[in-house]
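Below you'll find only one chain, the form predicted on its own, shown as structure tokens.
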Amino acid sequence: MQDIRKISFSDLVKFLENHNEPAFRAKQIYEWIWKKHVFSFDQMSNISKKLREHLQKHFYFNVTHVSQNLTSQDGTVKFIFRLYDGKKVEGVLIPTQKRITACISSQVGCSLDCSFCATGRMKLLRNLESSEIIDQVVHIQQKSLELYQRPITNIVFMGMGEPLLNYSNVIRAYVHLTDPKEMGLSTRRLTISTAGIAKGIKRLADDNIKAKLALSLHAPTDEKRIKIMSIHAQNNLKVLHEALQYYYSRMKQYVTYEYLLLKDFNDTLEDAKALVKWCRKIPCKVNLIEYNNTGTFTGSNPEQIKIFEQYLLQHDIPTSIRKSRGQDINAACGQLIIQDKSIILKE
């Protein structure tokens, strides 16, 4: 037997033909799976009982459940999702007046070890399937409609894991989420964030993936970045520059740089000058991120953050400060980690 959500549309058509069923049934089944998001063949009401029985003999659903959700004082909701094999990941619903954002995970744990990120303490257990990525969106959508009577407007791959190290499943999820016949979200409403996988950035361009690209930069020099992000050893600023130039030459889309401000480390005027120099390379914008406590660093004070922002703006670098959301439930940027005895942490 096989997970029905791993089968391609063309293979589903072949399966139906082999069972003397008309090909148009494939479109109906796909709509139930990817647009209506059912988790049972019995829910496919316009499919004959005989065909549903055939499907049940050959396929199954690996269902993702909500194990727990926590609501912040600011309205942010953190979800703990239990996967079919018992493993867990987290996702976040972030409401504002203008948008509803779903922050979703791409891996169980993470192979990277960025020193400011709680998820980096977890060992990578496995990649998420595309259906498990989409299930997070479906559950978050349901909660958004329940709490705020509004659907999701934006999706960010900024949860647990490195999206470009689970490239195939992330892109499959992206295709289903943006297909007009399925969830139908605008490609510009999705953001894929990376700690800096140069080969993956180039691959996004080669595959013409029109989601927004966000690079977790966090330091404007090789000397500083390597201290907080070990991945920088293989993806230094020169390598990233080449990948980003290639990306922009193909996509003509600006890149967002995520920049976490850490007190007395990367928040000085010299750092701001170096960041401006970096930003001149290709069209971009900068999101300045307040440090959310993970027990490792001290965040920059509000005055210094404002000074840093003003310097960038004075030098014509589009810049905004991303306010922390959900800190009181450990749902803010960098805080996602499964608090469970079954989780394996890095030594």
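Numbers for residues come from their place in the sequence shown, where the first is 1. All of these numbers come straight from a predicted model, not from anything done at the bench.
From this point on, the text means the form predicted in complex with a small molecule, which you will not see here.
Asks: Of 192 to 200, 83 to 91, 240 to 248, 171 to 179, which is the one stretch near the small molecule in the predicted complex, taking non-hydrogen atoms within 4.5 angstroms as near?
Replies: After filtering at 4.5 Å, what remains is 192 to 200.
Asks: Can you confirm whether 37, 134 and 185, the three residues that make up this candidate site, all sit within 4.5 Å of the small molecule in the predicted complex, judged by heavy atoms?
Replies: So, no: the whole triplet misses the small molecule.
Asks: Just one of 152, 128, 211, 117 has a heavy atom within 4.5 angstroms of the small molecule in the predicted complex, so which one?
Replies: Spelling it out, the residue with a heavy atom inside the cut-off is 117.
Asks: Tell me, out of 108, 228, 158, 255, which residue has a non-hydrogen atom within 4.5 angstroms of the small molecule in the predicted complex.
Replies: Flagged contact: 158.
Asks: Can residue 331 be called a contact residue for the small molecule in the predicted complex at 4.5 Å between heavy atoms?
Replies: Because no heavy atom of residue 331 falls inside 4.5 Å of the small molecule in the predicted complex, the answer is no.
Asks: Taking the shortest heavy atom distance, is residue 69 within 4.5 Å of the small molecule in the predicted complex?
Replies: Residue 69: no contact with the small molecule in the predicted complex.
Asks: I'd like to check something about residue 300: if you look in the predicted complex, is any of its heavy atoms closer than or equal to 4.5 Å to a heavy atom of the small molecule?
Replies: Residue 300: no contact with the small molecule in the predicted complex.
Asks: With the partner left out here, check for me: in the predicted complex, does some heavy atom of residue 319 sit within 4.5 Å of the small molecule?
Replies: No.
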